[in-house]
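Only one chain is given next, in structure tokens, and it is the form predicted alone.
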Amino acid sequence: MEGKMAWRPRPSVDDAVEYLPVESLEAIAERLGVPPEQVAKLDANENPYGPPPSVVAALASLTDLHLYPDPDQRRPRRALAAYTGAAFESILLGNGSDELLDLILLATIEPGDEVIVPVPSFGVYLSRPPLFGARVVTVPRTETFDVDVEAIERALSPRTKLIFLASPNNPTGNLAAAEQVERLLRHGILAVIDEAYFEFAGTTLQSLVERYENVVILRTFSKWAGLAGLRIGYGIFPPPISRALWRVKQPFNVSLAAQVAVEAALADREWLMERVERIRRERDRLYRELQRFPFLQPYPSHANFILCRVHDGLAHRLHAHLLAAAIVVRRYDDAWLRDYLRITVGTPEQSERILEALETFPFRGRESDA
């Protein structure tokens, strides 16, 4: 080819460990050869009940789509201040909390800095920092998936800039203890506390933002509010960090539709919290039922999913067995989680489909009884 470019991506892009998102419902249905409504999509921690009808109505009534959205996000920030009790000035919305993670990295990282990630955890914490020039330092969690504070302290170095912590942690479902987080904060390192599943847990570390300048809280409307398709996240930031992020964010980073959806969802949160409570009840029921199967070890969860260890190296085989029944759960290929599956808590009907499929899964114990 004539005129070949000398362009090539930065080495950090060539070397990046790509975060692999789940497939869309349409792609899964096409691959399985079934209608989309027959697929039990339980791999992305989406809310099976969706948003309130009032949110759909608010979106349908939008008339100003020819205008740019408010770059200052004033109306949704006021609604979030009332919902969270945080100061209006401390709140910033993002195109999903993923964008806020990127903004924090953009405002914080210099080439050669280090980011600590207790693993296993959300894969984006591993994939994004190298793109900003950071080195990711992974610190294994304990056998019960708790944060190993002493191991993190040993991993700290003069180049450590960030620690990513999720509470509840994805995919393990357990909470970060406040005393552990405070111990880490006393080292002066910025801690990013991702509370994407806050509403399901009913507990928060938000009060730390008022006492420390090196901690931020991130949340999302993708899970509890059923708005994953609109990509809305928000953060609660101490003033110095908030000011820095406003300087680096794109002016119109959150669409008009997303801003309207935030207001409408928060105005109808009684409807939403009733669905959250349904999911909590179903989570607890499904956890008890999963304990019946000798090839599974489910872990208690404070989120809207349940992580299961699958014994005898059968995780990928069980994933395929469920997929054949048009049930999609999250599988993993990394060293920390290759023997695990994560099941999103859906409707009771979807849970029954999982339990029926598990009853027919061939494993050594069942085969020997036959």
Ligand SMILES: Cc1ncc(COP(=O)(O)O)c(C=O)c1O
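Computed from a predicted model, the values in this text were never measured in an experiment. One-based numbering along the sequence shown.
Here the subject shifts to the form predicted together with the named molecule, a form of this protein not shown in this document.
Using a 4.5 angstroms heavy atom cutoff to the named molecule in the model of the complex, all of S97, A166 and R231 count as contacting. Contact with the named molecule, judged by heavy atoms within 4.5 Å in the model of the complex, is confined among 146-154, 189-197, 254-262, 72-80 to 189-197. Using a 4.5 Å cutoff between non-hydrogen atoms, Y287 does not count as a contact of the named molecule in the model of the complex. Contact between R128 and the named molecule in the model of the complex is not found at the 4.5 Å heavy atom cutoff. In the model of the complex, the named molecule sits within 4.5 Å of a heavy atom of T220. Remark: F122 counts among the residues lining the named molecule in the model of the complex, judged by a heavy atom distance of 4.5 Å or less. Applying a 4.5 Å heavy atom cutoff to the named molecule in the model of the complex picks out N170 as the lone residue from 169-193.
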